[in-house]
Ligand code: 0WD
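We begin with a single chain expressed as structure tokens, specifically the form predicted alone.
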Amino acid sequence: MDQHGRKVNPPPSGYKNHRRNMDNDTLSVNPKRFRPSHSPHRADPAPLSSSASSCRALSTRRQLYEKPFPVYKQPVEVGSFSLDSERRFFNDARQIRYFVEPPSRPDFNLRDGYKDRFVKRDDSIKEKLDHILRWILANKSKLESRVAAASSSPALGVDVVTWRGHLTKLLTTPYETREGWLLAATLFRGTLYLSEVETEASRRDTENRTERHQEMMYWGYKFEQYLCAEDMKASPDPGGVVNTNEAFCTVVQTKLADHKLLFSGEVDCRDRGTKSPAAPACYIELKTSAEICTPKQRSNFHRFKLLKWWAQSFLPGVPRIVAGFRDPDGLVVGTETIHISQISHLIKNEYNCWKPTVCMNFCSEFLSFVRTVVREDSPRVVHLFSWDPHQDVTYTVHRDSSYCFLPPWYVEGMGSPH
């Protein structure tokens, strides 16, 4: 793969710390992006009556976000946690795995073990932010010690807490044409918590998955098994059980424009070299995709799949992806290393392709929109933000509803008066 960086202004895959101009302040309301909406999505039969500000909507039109790349600070890992074979939380790195280079001609059968060595996580259990919240409580003193003495600082010293996957959906929204989303937002002790809510369309898709589709989802996990070892000196064990309950998650802190972010995401493995950099730069993402045989297939790979791969890895600062390209029977025919910093170069010749700056600017503007709207600091109040392809982002407000997602044990553990 071509490893030459793209010399444009600025490299969208870089992390920057410089100050923006005041006229780009993300907390200001831009009427071109925030506009009245008379038909917000109402998923609750009895939402709160709306104030004047709740009639606003956020546009997702790409051209509105074609402006300079926003400041995005180098993500810093502030912790990690593990989930074991029964999905139990541990405040340590026991589930970390180590990357082993694949052979030049891999002999990986991704179908192996699907029928007899596969333990699938129960997708019907909605974990919401629970694992991140457990990590926050376990590391509360460490987090609070990082907070400046200023009384205006949130208790955690961050503006937003969420999963990396939720932010990935926001980054890809301006280019998404098939799947909408619902994000629940709650302001608690000065910090905004964002948790995804399953859409009706997503629920139907899950229920109607074919056996072939379910097996192909397994293939990605099986590919990881071929390339990951449980300790630095071991070899992969492709004859073992694939258990998707198990996970190692990094917790990173960064800043996008004016938004201080704390989020967590699952990590596939880390480099096991003795001179490997510190986390998150030592982490590696593993992916599978159909083999590419024609220029059209290569173009589609760049235009669609690389968008989500880039967003997922760029956010936490994971520098590279190792991709396995497989045939229709699940046999890996080759592997390729894709450096996140080079993706902008790979897509530069694609007509009307996605732009990293649009992705990041939309995410920043969405967070500004949410912080402008969500004012009441209470775990009992949820603003439900809704988006469908080719529509604006709208929202409804709900008190003491089924959308509440901060559990009592977290609210009490944070010492809230609520």
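Everything quoted here is computed from the prediction, not taken from an experiment. All residue numbers are counted from 1 along the displayed sequence.
Another form, the form predicted together with the named molecule, is not on view; read the next lines as being about it.
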Is V71 close to the named molecule in the predicted complex, meaning a heavy atom pair under 4.5 Å apart or at it? no
Are any of the heavy atoms in L286 no more than 4.5 Å from a heavy atom of the named molecule in the predicted complex? yes
State yes or no: in the predicted complex, is some non-hydrogen atom of Y193 no more than 4.5 angstroms from a non-hydrogen atom of the named molecule? no
Taking heavy atoms only, is G317 within 4.5 angstroms of the named molecule in the predicted complex? no
Partner absent here, but in the predicted complex, which of 272-280, 172-180, 258-266, 296-304 has residues with a heavy atom within 4.5 Å of the named molecule? 258-266
Which one, A229, L83, I338, V333, lies within 4.5 Å of the named molecule in the predicted complex by heavy atoms? L83
Here the chain is shown alone; which of F99, F188, F223, W163 has a heavy atom within 4.5 Å of the named molecule in the predicted complex? W163
